[in-house]
Ligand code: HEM
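As a starting point, one isolated chain is supplied in structure tokens, in the form predicted alone.
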């Protein structure tokens, strides 16, 4: 099998009372970020007032963290969906931008200095200039991820980060739209989708529990091989560690549980089963600092939000039948490019980002139009604001997979970053899009889905700012 390069992005953006304009990525990055007045470079960027700081914390940061950044909390997700807290967060960010301009805007919190990003140009700059001077290894990330992967590339620095990043990219084949094991992965997706549809018909509906079970069977087989297909205990240990990681600094670490996870992973890596990532790892050079075992938990962690995005994509297709027909046209195609399916997954990730907060840490003073930021300032990119900014994006609240359909179209001044971007872009981006697309087409080959819940999800209505994957329900019909 072979897939085309992953679709790029074409974005149409508008500002009130201004003409629409398209700006290439290079133009965005070349835009001067310092003000004409040299005095601006001698002062710190503006700080949010006390009330605005509290509002950002209450409406944006606290709800996002409460939902579970490392592992979603079902009860909080239910409440957040009912109250549409993401819509409130986006409105708050729009109000802050209206008051403070392009930003960044500094929040002075006890014991921590954070800068909230307000301008798409700044998003691109920060991500393109990672990890120096915008490091990925922030204190918050280190505190959370150290619970289950203290030597992972994402929270490493310097030569260790470079080596571990290199290893991840080689195993995951980050630069390739199609992993060399695509035929094995497609076979796995086919069998798991068929099994899932049988179980869903027996239970009378397709829900998140059934889909999640099938998805993680696929993940374990892809990462470790057939021997791990039913190793639910491995996933359980991982889940317990991720639940603790949600609390970051506040939860004591469980080194014995973490070691249990590493031992289970190492057992499968030693097997190096052909047709799995473990088999690939056996042929990738590891140095004294690579720590292959500790790179794997990040993949297992990342595949959870990937499953959420896949399930939400099925909901979008179930409520947008015209586009679902395009996706169905890719079933059984000789060429496995699946461009419509990939575009639908990317659009799901735009509408409901699974990484709502992208965090960076300045390693040196940085200069902006409105002043400077000192070193060791945390940079906060709230992705739903940039993906669903209905004051500036014509397509903010509708299903618009055409945004991702042409890889040659330049980006404009919007910032659509479902997998981040730049040197620290998610190394599993292409693999996630591949597996999600294979699973979706395999499910649709076995059945036709009708979205039961939420009933309000419709092509005729603005899409909600939050879609709780836990509550999605589908009816299944026989394949026709």
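In this text, all values refer to a predicted model and were calculated from it rather than measured experimentally. Numbering follows the first chain given and starts at 1.
Below, we turn to the form predicted in complex with protoporphyrin IX containing FE, even though it does not appear here.
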>> Within 4.5 Å, heavy atoms only: does residue 350 come near protoporphyrin IX containing FE in the model of the complex?
In response: no
> Is there a heavy atom of residue 428 lying 4.5 Å or less from a heavy atom of protoporphyrin IX containing FE in the model of the complex?
Replying inline: yes
>> I'd like to know if residue 165 sits close to protoporphyrin IX containing FE in the model of the complex, meaning any non-hydrogen atom pair within 4.5 angstroms.
In response: yes
> Do residue 360 and protoporphyrin IX containing FE come within 4.5 Å of each other in the model of the complex, heavy atoms counted?
Replying inline: yes
> Okay, which stretch from 80 to 88, 365 to 373, 304 to 312, 238 to 246 lines protoporphyrin IX containing FE in the model of the complex, with non-hydrogen atoms inside 4.5 Å?
Replying inline: 304 to 312
> Pick from 319, 207, 354, 377: which residue has any heavy atom within 4.5 angstroms of protoporphyrin IX containing FE in the model of the complex?
Replying inline: 354
> Between the options 400, 106, 178, 172, which residue brings a heavy atom to within 4.5 Å of protoporphyrin IX containing FE in the model of the complex?
Replying inline: 172
>> Where, within 270 to 294, is there a heavy atom within 4.5 Å of protoporphyrin IX containing FE in the model of the complex? Residue list please.
In response: none
